[in-house]
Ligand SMILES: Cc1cc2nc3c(=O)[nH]c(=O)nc-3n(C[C@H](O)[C@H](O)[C@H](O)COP(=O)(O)OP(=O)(O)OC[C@H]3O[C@@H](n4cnc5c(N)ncnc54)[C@H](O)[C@@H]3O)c2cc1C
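Quick heads-up: it's one chain on its own, the form predicted alone, in structure tokens.
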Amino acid sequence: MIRVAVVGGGIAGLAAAHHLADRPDVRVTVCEAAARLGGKIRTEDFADVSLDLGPDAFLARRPEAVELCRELGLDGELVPPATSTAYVWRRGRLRRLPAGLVLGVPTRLGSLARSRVLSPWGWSRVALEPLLPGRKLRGDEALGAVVRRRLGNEAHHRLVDPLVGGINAGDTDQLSIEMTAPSLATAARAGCSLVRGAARVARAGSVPGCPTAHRGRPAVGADEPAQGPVFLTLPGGLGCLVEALEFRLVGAGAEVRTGAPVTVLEPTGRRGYRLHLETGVLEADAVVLATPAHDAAPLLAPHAPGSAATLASLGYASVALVALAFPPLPVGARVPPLDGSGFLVARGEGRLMTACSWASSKWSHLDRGDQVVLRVSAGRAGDARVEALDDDALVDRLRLELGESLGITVAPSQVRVARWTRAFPQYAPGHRPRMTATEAELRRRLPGVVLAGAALAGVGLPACIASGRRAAELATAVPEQAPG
């Protein structure tokens, strides 16, 4: 019998435990520090609907989340957004995003021109990009540097940075193209032109890294309906996925402990580890660390200092999501029809808000007809204003900005604030090789201790699920030897 301790009850940890639950030779214990499972997945009753206050969808064109739902018998309930139309706030007004974007890179010049998101000069720069000389991508660079070099500053500032920067709550001039836009990295290595490469990605129907809606993101992706929806969710909220996983684990004989933070991880001197919890001690043969990097680092520091230092140095961004319910809004000169999934806000627009999802328009199961539900997100790397505001001040500021952008001046009938402190890893160029070196040191010094989660593999449910399953395989494949 192999005893596996899974530290962290977010989606990566739960996926790891689920992957091992049916093995007769494995006994799984999940230890979650919080009072509930799910990590950033959080569904609550709000204004008589089940509303997600963390991610509200997952990318359908990566298989991992869809497969997990199928294994749990939830695949028949999955639904796509009611609309894929989205907007961007630019110079005091909403502008419809053009069709055919791949992570913000335009693939349809006619649609781009009609949107007027870019100036005539900015459009011309994109139109000429396939003809421009250049070099193929070598190694890893900041996404912003690659996009500016090929498409110019306007396309970066008004399209790519709001989308990809919003997904990661970061600045694309500081974020790795390999981690945040892998499909664009592949395209840039295959040829000089990003526009041509993005068009190939769109035709293939594979758009890894599209918005995952952690922060009230509008649903924006390549416009390829014949190849199926870009995003999917559960009508009862993604919390249903967590509930199904917990039910499945308990039914399979796994032990699930909440309110059980792990404070010390130590080798036992033979094959195995001792985990110290506030409630006692847990013995394990292998450990899956599915926690944020800053939580994993102190557990590893006494035994794998290099790995711990790398994890501790990983930056994180804090964000807030504010849900608001309003009575039906009169459509007129001041209040536009909410005929899309929402809008993004580019950097430099003087806004605290980074995105607004029109939840009751985006999802048909949230459209009751007698109210409007919005999810407004704020906060990103390098902007500490959200953390400096209390909940009341945050809501007041965002309501003021909603008045300016959507003309909504009536008081909301309900408000809910969810804060996600140090929630989004900031992947600097070279992140993947650093994580590879970190895992190599763990294999040498702590065989059987394996990392999982967003810090390792990228944001989004499919990426985290994949990392959890991989960690489960690696943890139980360790040869019997004493930890070094």
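In this text, residue numbers run from 1 along the sequence as written. Being a predicted model, the structure only gives us computed values, none of them experimental.
One more form of this protein should be noted, the form predicted in complex with the ligand, which is absent from this view; the next part is about it.
Contact with the ligand in the predicted bound form holds for all three of 38, 261 and 454, each having a heavy atom within 4.5 Å. A heavy atom within 4.5 Å of the ligand in the predicted bound form is found for one listed residue only; from 47, 28, 446, 53, this is 53. Considering the ligand in the predicted bound form, the lone stretch of 124 to 132, 99 to 107, 291 to 299, 246 to 254 in range is 291 to 299 [heavy atom distance within 4.5 Å]. Contact between residue 435 and the ligand in the predicted bound form is not found at the 4.5 Å heavy atom cutoff. Heavy atoms of residue 32 reach within 4.5 Å of the ligand in the predicted bound form, making it an interface residue. Using a 4.5 angstroms limit between non-hydrogen atoms, residue 461 touches the ligand in the predicted bound form. In the predicted bound form, the ligand sits within 4.5 Å of a heavy atom belonging to residue 7. Heavy atoms closer than or equal to 4.5 Å to the ligand in the predicted bound form belong, across 417 to 435, to the residues 420, 423, 424, ordered by sequence position.
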